[in-house]
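Below sits a lone chain in structure tokens, taken as the form predicted on its own.
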């Protein structure tokens, strides 16, 4: 029996498929995935209907996925296209969290747009000691365009913007000395090196929320089985 666990972000949908106890991980554009109108076992994310019994809160999914891989004490940060969220655990118990969908929004999407607009490959981004004071994506875009117009190479300007996002992320998690990173920024070396200037970084990859959905589904199954027995 095939099971699908879906994390549908604004731009990208992360899919964990389990069939015959084998796990398969794939990523699709959310716009393409939604056209399929696929059935799924559990889902989370901005871009799917919140069906009762199937949809799970993103923070809950993030928490369950992180707990599977991490020790008793950890801070896990999930930074996506349009929001940023983190959860802190101490002694296997919830300690703190925050979720920002306002001034942190569009960070990942903004970088994707900048790379496309300036025809820069993500591999060409390099860590820079300088950073933009990124208070929001719009102000960051203004600084980048001004500096590029004055002769700064686009890849360097975007890298400074990435460093600014990393610094904001560090402050968002209240200066945690170790940050477990979830989401698309795990595949951005410039971001990771920038964040490492302030904290130890452990990249967890893009499928932590789908893993959390799988854990939630397992718990539901075991609970229902126990009730029946």
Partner chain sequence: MKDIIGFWGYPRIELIEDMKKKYPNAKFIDLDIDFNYPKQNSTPEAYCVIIKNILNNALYLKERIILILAPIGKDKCDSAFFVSEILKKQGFNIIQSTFEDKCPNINNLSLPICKSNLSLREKIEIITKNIIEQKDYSSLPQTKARFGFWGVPPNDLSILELFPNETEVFGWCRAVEAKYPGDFELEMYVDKNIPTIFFAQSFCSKNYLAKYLADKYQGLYIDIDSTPTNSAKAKIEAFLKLR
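Just so it is clear, the structure is predicted and the values come from calculations on it, not from any experiment. Residue numbers count along the first chain shown, from 1.
Just so it is clear, the following notes concern the form predicted in complex with the partner chain, a form of the same protein that is not shown.
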* Would the partner chain be touched by all three of 57, 60 and 99 in the model of the complex, meaning a heavy atom each within 4.5 Å? -> yes
* **in the model of the complex, the one of 35, 29, 50, 178 near the partner chain [non-hydrogen atom within 4.5 angstroms]** => 50
* Report the residue, out of 123, 153, 95, 116, that has at least one non-hydrogen atom within 4.5 angstroms of the partner chain in the model of the complex. => 95
* Exactly one stretch in 124-132, 141-149, 108-116, 79-87 has heavy atoms within 4.5 Å of the partner chain in the model of the complex; which is it? -> 79-87
* **Residues in 1-23 with any heavy atom within 4.5 Å of the partner chain in the model of the complex** => none
